[in-house]
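Read the single chain below, which is given as structure tokens and is the form predicted alone.
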């Protein structure tokens, strides 16, 4: 019995030693991350793992949107920015930005689960988001106003959806603006007449995802490139990242990090 317990203990030590968290050994200090809100739940789990094993390391994370994150890291207010879009060449040059992509995320159209519709065409989405279609009866449903929700203009979720789903057609200025993917989920789940957009990594059963032109916004369809409304999730540093920031990037791109990334509905990548 003692031999068995010793074997289990040694196996456990081997597991710990093999952990991808080893990249944080001999590191301490603080790391401040902010920007895109799609990243937050996934990175919070990684941060919890890191700070549980290495109490001398403190990592904070905040939202604000990708645009805000890019501005803050360029001004060295934060150590790493989360961004749901690739920065422009001007942003990269001005901020001396280094890009680290660790995941691919889809952008989905969501409605309240009580609305009886499963798919919308690209043309219908363009008409809804531009304000041309304002009532569900124009989609063959009951007479009820459409309450349109979108993100603010610094949001990469909004920009990618506008580029790839709406082909840059207008978004109505009557749309209600929410500040994060989590806030979008709350707004749509509590409004029976709502339509909005969201990171697939944030979706749960409180909202209903809509197919676009009959194509489901699934990981499989993003992988085989049939669902086009997708984007990279990036970590950005101004100049070369610090040792702690570099370790964080390495961990998110490791085998353990990839499991966390997949758990939240993203596709892990290492580029």
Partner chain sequence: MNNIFSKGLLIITLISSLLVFCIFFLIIYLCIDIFTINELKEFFSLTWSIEDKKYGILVPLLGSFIISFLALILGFIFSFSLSSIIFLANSKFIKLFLEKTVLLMATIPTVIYAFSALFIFVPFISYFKPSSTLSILVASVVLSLLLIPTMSLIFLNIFNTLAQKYMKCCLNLSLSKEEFFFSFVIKNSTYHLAQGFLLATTRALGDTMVVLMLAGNALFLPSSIFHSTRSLTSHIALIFANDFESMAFKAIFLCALLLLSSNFILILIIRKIKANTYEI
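Remember, it's a predicted structure, so these values are computed and weren't measured experimentally. Residue numbers count along the first chain shown, from 1.
Here the subject shifts to the form predicted in complex with the partner chain, a form of this protein not shown in this document.
In summary, among the residues 96, 154, 130, 119, the only one with a non-hydrogen atom within 4.5 Å of the partner chain in the model of the complex is 154. This chain appears without its partner; in the model of the complex, the one residue of 115, 175, 109, 165 with a heavy atom within 4.5 Å of the partner chain is 175. In the model of the complex, the partner chain sits within 4.5 Å of a heavy atom belonging to residue 179. The closest non-hydrogen atom of residue 191 lies within 4.5 Å of the partner chain in the model of the complex. The closest non-hydrogen atom of residue 63 lies beyond 4.5 Å of the partner chain in the model of the complex. Taking the partner from the other structure, the partner chain in the model of the complex has a heavy atom within 4.5 Å of a heavy atom of residue 145. The stretch in contact with the partner chain in the model of the complex, judged by heavy atoms within 4.5 Å, is 183 to 191, chosen from 197 to 205, 183 to 191, 101 to 109, 119 to 127. Shown here without the partner chain, the chain has no residue in 27 to 50 lying with a heavy atom within 4.5 Å of that partner in the model of the complex.
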